[in-house]
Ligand SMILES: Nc1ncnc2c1ncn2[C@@H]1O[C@H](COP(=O)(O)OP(=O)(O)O)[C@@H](O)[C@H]1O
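First, one chain by itself in structure tokens, the form predicted alone.
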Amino acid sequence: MLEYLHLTNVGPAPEMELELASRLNLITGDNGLGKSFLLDVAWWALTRRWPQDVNPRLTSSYTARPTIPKDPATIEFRMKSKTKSVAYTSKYIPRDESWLGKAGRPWNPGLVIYAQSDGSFSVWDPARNYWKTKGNVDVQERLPGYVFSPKEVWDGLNVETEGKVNRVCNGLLADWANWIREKGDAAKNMKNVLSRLSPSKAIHDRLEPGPLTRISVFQDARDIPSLKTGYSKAVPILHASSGVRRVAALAYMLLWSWQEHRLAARQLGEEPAKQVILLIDELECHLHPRWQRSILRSLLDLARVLHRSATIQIIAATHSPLVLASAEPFFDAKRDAWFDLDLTPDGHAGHVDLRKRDFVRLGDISNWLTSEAFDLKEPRSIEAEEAITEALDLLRKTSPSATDVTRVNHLLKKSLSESDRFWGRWSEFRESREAAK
């Protein structure tokens, strides 16, 4: 479990510090302020590998570099390993273009799964991905991790070791098809995982496996898993929407990583991991609001089912007010935390601030839009926000001109709905002006 991160001269801010909660950690902030970067660093702290270093086919998650090359850069972290809480400060070595490692076998953080926003996945398995370090050089004993590009999640992952190409994962399409043919526990587990990730039990929301099918008579001989929907008994998963494919990939990677880990641990005569860490970037990616409202609760419930005897920690970045609102019924300040990234004006440039916010129940989704998480002035269109801003300026004036009142009234009519609550205040203002004449 990751307990603490402290970054100096690396990332979008001169310094960033997080004291992470034991169960759920939510990260919000505008694009480009460092949410994905923080998840990359969290993965590195737990596994000592940057995803792009393990799989060059990725187009993100590159090795972090110092913001100011001539100044020292450090990543300090603390984690709860298999046996104890440990801390380490890694320094960047410019000549080696790498981060100084700790000599010896790394600490065991448990099973780590990283779902990236572009559909890539990374898995670090303590039963299969150990290595050792001599001096400052890492010497591989086994694979340093399973890092999948989006295509490899679906089609399988091959890894070259010692000049030999090894098939380390068959991929979603082949594995799921085999599970369906075998009609065993794996097929039942996949069905259960998909059901738990569905937003409701309604037929149009429920993800339920259908029969194996083909998508081509001549060009593709594979049997493709399908899903039952409200309009069809068999939609090939490759023809499903982006949101459904995202959920299916998440379901598969959670199930595959845990099944393979348990199998490896059993063969090694070891106990399964007692800690599982899920790193998830843009939790709501591709999902309809109905799904955004349920995905966080679904993941927490699913993790408890898959890993009954393990402690679960989730670190998730999100842009969705629905995700924040969905956490209100179960957010526990003793086990959960919310971190927010903001761009604070500082001369002509500004600087990035990372703050731990107090999580309060705001109820209405529009209240989250105007909260510190998203910083909108109004939960409306840009045009409506501009019209209301001008209207409020007129309300504060002692003697606004009739021309300005007419002009702003026209802007409000163009941008606000007839039932918008601002009309009450605006109508009262205009009526008071008429009475004063």
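For every residue, the number given is its place in the sequence shown, counted from 1. Being a predicted model, the structure only gives us computed values, none of them experimental.
The same protein also has a form predicted in complex with the named molecule, omitted here; what follows describes it.
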Residue contact check: Gly32 to the named molecule in the predicted complex, 4.5 Å heavy atom: yes
Any non-hydrogen atom of Phe37 within 4.5 angstroms of the named molecule in the predicted complex: yes
Thr63 within 4.5 Å of the named molecule in the predicted complex, heavy atoms: yes
Stretch from 369-377, 383-391, 408-416, 23-31 whose residues place a heavy atom within 4.5 Å of the named molecule in the predicted complex: 23-31
Contacts with the named molecule in the predicted complex, stretch 1-28 (heavy atom within 4.5 Å): Gly11, Pro12
